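One chain is shown next in structure tokens, namely the form predicted on its own.
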Amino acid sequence: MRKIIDMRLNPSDAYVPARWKYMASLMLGIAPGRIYHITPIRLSMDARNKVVFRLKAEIFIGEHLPQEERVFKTALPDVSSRSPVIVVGAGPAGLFAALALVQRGFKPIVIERGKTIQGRKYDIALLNRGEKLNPESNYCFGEGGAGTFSDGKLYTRSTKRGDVTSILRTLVEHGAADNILFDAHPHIGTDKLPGIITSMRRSLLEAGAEFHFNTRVTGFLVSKGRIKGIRDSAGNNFKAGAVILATGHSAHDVYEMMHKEGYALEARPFALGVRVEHPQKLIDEIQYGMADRGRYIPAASYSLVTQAAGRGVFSFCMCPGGTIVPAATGKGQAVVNGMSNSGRTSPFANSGMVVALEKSDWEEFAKHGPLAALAMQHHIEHQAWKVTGDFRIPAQRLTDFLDGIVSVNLPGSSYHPGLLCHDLNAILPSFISERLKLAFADFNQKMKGFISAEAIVTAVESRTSTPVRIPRDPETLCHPQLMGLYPCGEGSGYAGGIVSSAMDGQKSAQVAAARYIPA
């Protein structure tokens, strides 16, 4: 017999699955041995009064879990000699597009400007030490995309874009812990994602896919309005009947190439601001009422949103137990992002705090046409970089930011290359900094103690999403001027985050396979 139950668990029981069967038996008044299996459906935390966990689960009384409901690695067909489809980018959109193509009998040729995971690790280590930025291999570029080394949260649960469960199950098949299938706020962690991405590449290679790393796309091969392939920076041509463009939100050279060649692009509203860092113990105390949360209660997080002078201001990519990282992709840029490992053991908590921008905000850069918002983004990043001229970033105590004074000194921080005291009000446009100040006052009402001299603000959080959209037909998913080119994922303006990007890549591959015309 199957039965759906809802259990209320204390933290020590919630994070020890071996205890679930015993707790369910107490709840139902039956012997533990009668429960053959428990399938968790959703695990969530309630910290409104006392920290408790709520587990919704399906239990199997007197019967086993059917084999077809267990998670097994899906067998892929051999596509080594099948029709090719080019996939530009090896982030979530690109990798899941490649998997979907293999499942439909097509051979993906994955073109990635950056390095493999192992090569990326080396370059990121140099960047964290403030020694060198590789513009092709960093926190944004390389195998796995921006999400691999910047946290790995899987918060998308909307089924409107596609099959969320299939995405999560694929990640589990390739090494992710199965709790991402039922956690209310699933998170893999920067320490775990590289192995999962490597496993996905291995599965694709075994099926006959090709990967070309250190290969940057510089142009399209086009005949009579239909794409026939791509050209790389070394002058090589790759030919295929369809190209899935999944470049990520920081591949600005791709936008510039398309604009130069006369292909339609659109400026897109995005958000920009700062990254705020607090001691994790302070956030724990605010959220839980305790600075020492113990072994089983996770590092506290928050999600904040408000309206300030008619604009949305919100927290973005909140990283409990996390680290602020340098996310620039080129010279003369100061860009920050956040990440956390699976255990979230850092003594710091950080989050982007950003203001929603509108078309009127980048009128000063209108001469750049559809790249106007991008030009604004570049300008602010450069203004922040000029403060230090190196890999350090400008920073300020939160209280000093509100008062408009330069901090005399700064508390400890997770940002490894280093901080330099500076008034961020002199870097950010006033319409952004003033709205941030209004928002921080509101957030302090919602989280008493949020405004603290122990909190710092760092600049700039500017890569929340792409400021450019590559248009596509809603039915064919093709670019209106290039039949066979399928823009998708974050870089094309149709997703935000690992899961939504993966689903968009998957959907684009399905349509490309159904409409395929050989080159």
Ligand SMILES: Cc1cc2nc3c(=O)[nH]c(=O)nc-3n(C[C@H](O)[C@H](O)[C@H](O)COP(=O)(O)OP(=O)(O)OC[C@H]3O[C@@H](n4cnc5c(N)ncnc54)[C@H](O)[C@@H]3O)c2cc1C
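A quick note: this is a predicted structure, and the numbers were derived from the prediction, not measured. Sequential numbering from 1, following the sequence displayed.
Absent from the display: the form predicted in complex with the ligand. The rest refers to it.
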ask   = Is it the case that A146, K153 and G491 all touch the ligand in the predicted bound form, with a non-hydrogen atom of each within 4.5 angstroms?
value = yes
remark   = With a 4.5 Å heavy atom cut-off to the ligand in the predicted bound form, the contacting stretch among 400-408, 420-428, 214-222, 282-290 is 214-222
The ligand: the contacting residue among I393, V325, L171, A100 in the predicted bound form [heavy atom, 4.5 Å] = V325
ask   = Which pick from A271, V79, L374, C317 sits with a heavy atom within 4.5 Å of the ligand in the predicted bound form?
value = C317
query = So in the predicted bound form, does V254 come within 4.5 Å of the ligand, heavy atom to heavy atom?
reply = yes
message = Quick check on M503: any heavy atom within 4.5 Å of the ligand in the predicted bound form?
response = no
ask   = Looking at the partner-bound form in the predicted bound form, is G338 within 4.5 Å of the ligand by any heavy atom?
value = yes
key: is_contact(I117, the ligand) in the predicted bound form, heavy atom dist at most 4.5 Å   = no
inquiry  = Where, within 83-100, is there a heavy atom within 4.5 Å of the ligand in the predicted bound form? Residue list please.
reply    = V88, G89, A90, G91, P92, A93, G94
